[in-house]
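Just one chain is shown here, as structure tokens, and it is the form predicted alone.
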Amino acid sequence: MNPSVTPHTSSPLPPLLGSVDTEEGIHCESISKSFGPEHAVSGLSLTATPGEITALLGPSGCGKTTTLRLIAGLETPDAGSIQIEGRTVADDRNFVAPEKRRVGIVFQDYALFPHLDVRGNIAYALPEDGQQGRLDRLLGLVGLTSIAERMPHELSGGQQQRVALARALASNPQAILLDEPFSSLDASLREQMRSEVRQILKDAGVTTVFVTHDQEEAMSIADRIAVMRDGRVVQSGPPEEVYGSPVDRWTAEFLGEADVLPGIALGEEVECELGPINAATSFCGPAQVVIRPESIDLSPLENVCTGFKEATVLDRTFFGHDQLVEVELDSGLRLRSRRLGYPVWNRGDRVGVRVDGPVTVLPAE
């Protein structure tokens, strides 16, 4: 495999893409799709903001790819409506064919033409007029100018992905749709490609929706995350919002490590086994206290003061830049703490534990 070529991202793509009217974005209203008795999408509503990257994030079977195919026109909704840049492309009276939706699609396997080189694969999707200038700008955008004559089998996975992305952008689309765009890449290449693909899409200024089941991938790329479950969007917002303020316990635990403690909400604080925690709530009464590992502080037992609970280190997972430490309070309660890679905590160490960060307080189920 050839080494990856870094895209040229010093300036946005000229009017080829920047001239697209992006006042409306993508809007799905109460769309549903069933395959026999299986409800793949059930009354889903979604808005993808113009020029932003929106991730459809959820477990396998939740309806992510079906939603993407409905937006693309590869499936027909049973109910609801879909608008792209203010134009209705699907409702109970109207259905616009995929090729007339001005939507670019990057499939999971990239679907490159094996008999065409890089230049030919991208040129295939270009309009006839002004083809050479547009092609050159696209090659520069994705950083493939120097290898434009290579065939798909001569490219690395990351290079193939960028060819597919350039081809999707070639027709000056109003939206780009990507289905699990990094799933076929080696783990070592995924992080680099996430950054490169995000920069390419932001430079292009095109509204983007991509499907993923990988929480880290969604957090690192998307401007907005729509968390899906059972064919519906259960929460949508910026990554920091859906991670920091999940709407329910399932969403909290799906988005990352979380420990959930019973507690009592008192309006301005919540009482739980770790003591009183400052956390304003809109309700009072039985509650669930959702605590991320990064909000749990550890300290050597000899250094603790008021507010710490005594605990014993059960295990530690070391990641270099940080570590995940599992502790057990003397009461038997187990918690996880994510700290920097130092100091080193060892099994059996006696430590003090306290909350030192935000928590989410939800009504008890």
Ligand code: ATP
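The first residue of the sequence shown is number 1, and the count goes up from there. Since the structure is predicted, the reported quantities are computational estimates derived from the model, not experimental observations.
Missing here is the form predicted together with ligand ATP; even so, the following discussion is about that form.
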Contact with ligand ATP in the model of the complex, heavy atom within 4.5 Å, among 117, 259, 180, 217 goes to 180
Partner-free chain; cross-checking ligand ATP in the model of the complex, the single residue of 60, 317, 331, 30 with a heavy atom within 4.5 Å is 60
Residue-level question: is residue 65 within 4.5 Å of ligand ATP in the model of the complex, judged on heavy atoms? yes
Practice problem: Indicate whether residue 38 is a 4.5 Å heavy atom neighbour of ligand ATP in the model of the complex. | Solution: yes
With a 4.5 Å heavy atom cut-off to ligand ATP in the model of the complex, the contacting stretch among 52 to 60, 323 to 331, 336 to 344, 297 to 305 is 52 to 60
